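Okay, here we've got a single chain as structure tokens, the form predicted alone, with questions on binding and movement later.
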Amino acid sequence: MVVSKMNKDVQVRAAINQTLIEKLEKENSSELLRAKLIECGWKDQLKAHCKEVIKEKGLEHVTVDDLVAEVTPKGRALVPASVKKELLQRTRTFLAQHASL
């Protein structure tokens, strides 16, 4: 009984540790993505596109949902391939390093 409780405690600690590591990596990756997108001008380009859409349709005729639907495809297309590649490589490295956890 004591051994199984200790074993369960070890498993719970390992699961908590794994979750914390994954959340930290996700936060770090999100912060890196944010910085890279600002650095390459993506944020400014998307902001300009939003303004164009609002100007075309009129402020009174655009909802947030409409704007998101209109801007999302262009936003995805504007992400530079180098940024996508860097994030993908970072994710692969993380997964390779933590595959045994």
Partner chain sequence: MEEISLANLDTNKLEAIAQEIYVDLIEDSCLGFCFEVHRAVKCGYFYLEFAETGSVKDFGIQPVEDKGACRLPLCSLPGESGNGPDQQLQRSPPEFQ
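Since this is a predicted model, take the numbers as computed values, not measurements. Numbering follows the first chain given and starts at 1.
Beyond the structure shown, there is the form predicted in complex with the partner chain, which is absent from this document and is the topic of what follows.
- Remark: residue 24 does not count among the residues lining the partner chain in the predicted bound form, judged by a heavy atom distance of 4.5 Å or less.
- Looking at residue 60, you'd find a heavy atom of it within 4.5 angstroms of the partner chain in the predicted bound form.
- The partner chain is not shown here, and in the predicted bound form it never comes within 4.5 Å of any heavy atom of residue 41.
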